[in-house]
Structures are given as structure tokens and as C-alpha cells.
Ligand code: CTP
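In C-alpha cells, one chain follows: the form predicted alone.
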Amino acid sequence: MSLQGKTLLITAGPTYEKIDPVRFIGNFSTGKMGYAIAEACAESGAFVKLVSGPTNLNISHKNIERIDVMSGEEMYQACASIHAHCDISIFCAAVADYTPKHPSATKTKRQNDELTIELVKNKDISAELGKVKKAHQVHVGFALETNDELPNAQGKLERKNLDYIILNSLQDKNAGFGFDTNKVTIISKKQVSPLPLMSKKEVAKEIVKLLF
């Protein structure tokens, strides 16, 4: 079995939401999981459009087109322009939920004892694209949770019109941001399948199996 002839959209890494030219709101995502999935899918014959937030990772495969973005809005625009032409979309990026409403064009100086930054919601990329998902398209999402993991993930599965959601918890040792290993649970509307701790490359291969 292979993904030969399929076109995939995969998001990876964090997003950086600018406060000013030198500061941003972000998170600890390294992009390792998304990049491992992109490589596994490409090795299985798929043509991958990898929309990547800021990361130090490199990737080189003839079947992978890397599209670099910075902010959540940039990632949304890139994904929205690609999605209709993709058979499968895997939303692995850790997109910032909020972004500064009025980023400063100049460096913010230290003046008062307190600083208030007004934030507005970023678009939820998987939810937005789930609204226009076609019958033949498959969507896979990710949920990184710290509590009430399973019900939170199952709620996202329904709300975002996903076919699968990959749950991992920061409560699990050696899983989550920064590690080369991950411990995930694959959830569909019919099944909950916990996997043992394994390398992110092995997790990626398990996810590829879902797509055949």
C-alpha cells in the first residue's frame, strides 16, 4: 500500500505572533512531529505541501514542497490556498490561539510597571477548513492536552469535522514538545487506539497507515 498519486497538506511547527519587531507570542513546538509525518508520507509516494512555522529543522525530499510562514494568519492563508487541491490534510502545527491586536511598528520601551497587550483570536485553521471539506477529503488533527485529555480531543474531533485526531498529553513522560519520542492516542468516531511511547518517526508511520 502507498499514497502514490495523493497530494497532502501538512502543517508543522509553532507560529510567532508579533508584539513588535523584536518580540512575539509563541510556544515550545519544534516541528519534529510534523516534519516526521511529512517525510513518512513522501516516502510512501505522496506529494506533500508542508506549511511550516519557524523552526530550525531542515527537510529535503523530492516529493516535499516546503512553504515557510511566520504567523497564524499567514499559515491560514497558505493552507486555504492549497486545501481544495489536496486529498488529505494533516494539521500538526501548534498555532497560537491569540495574536496582538495592534502590534507595534517600533520596539516597545520599558516604561510602566505593567504592560497590557490586547489580543484577538487567530483563525482555527482545521475548524475553518473543516467547514469546506469535501466528501473525498480526509482531515487529521492533533490535540495537545494537559487535562481531561480524551473528552477534549473527542470534542475537537466532532467540532472540527475531523476523520481522526491524534491526542498527546503533556502529562506523559518524554512526549510532547522538544522530544524525539511521543506517546499518542489515535481517535476516530468509532475507535480509541492508544499507542506506546515510540519515536516520532514511528508515530508518523502509524499515522500514514490510517491514510491508505
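All residue numbers refer to positions in the sequence shown, first residue = 1. These numbers were taken from a predicted model, which means no experiment stands behind them.
The protein also exists as the form predicted together with this ligand; that form is not presented, and the subsequent description refers to it.
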*Counting only heavy atoms and a 4.5 Å cutoff, which of 155-163, 181-189, 60-68, 38-46 contacts this ligand in the model of the complex?*
155-163
*Can you check whether D97 is within 4.5 Å of this ligand in the model of the complex, heavy atom basis?*
yes
_Touches this ligand in the model of the complex: D87 (any heavy atom, 4.5 Å)_ = no
_Given that this ligand is not shown alongside this chain, does K123 nevertheless sit within 4.5 Å of it in the model of the complex, heavy atom to heavy atom?_
yes
*Of 70-96, which residues get within 4.5 Å of this ligand in the model of the complex if you count heavy atoms?*
F91, C92, A93, V95, A96
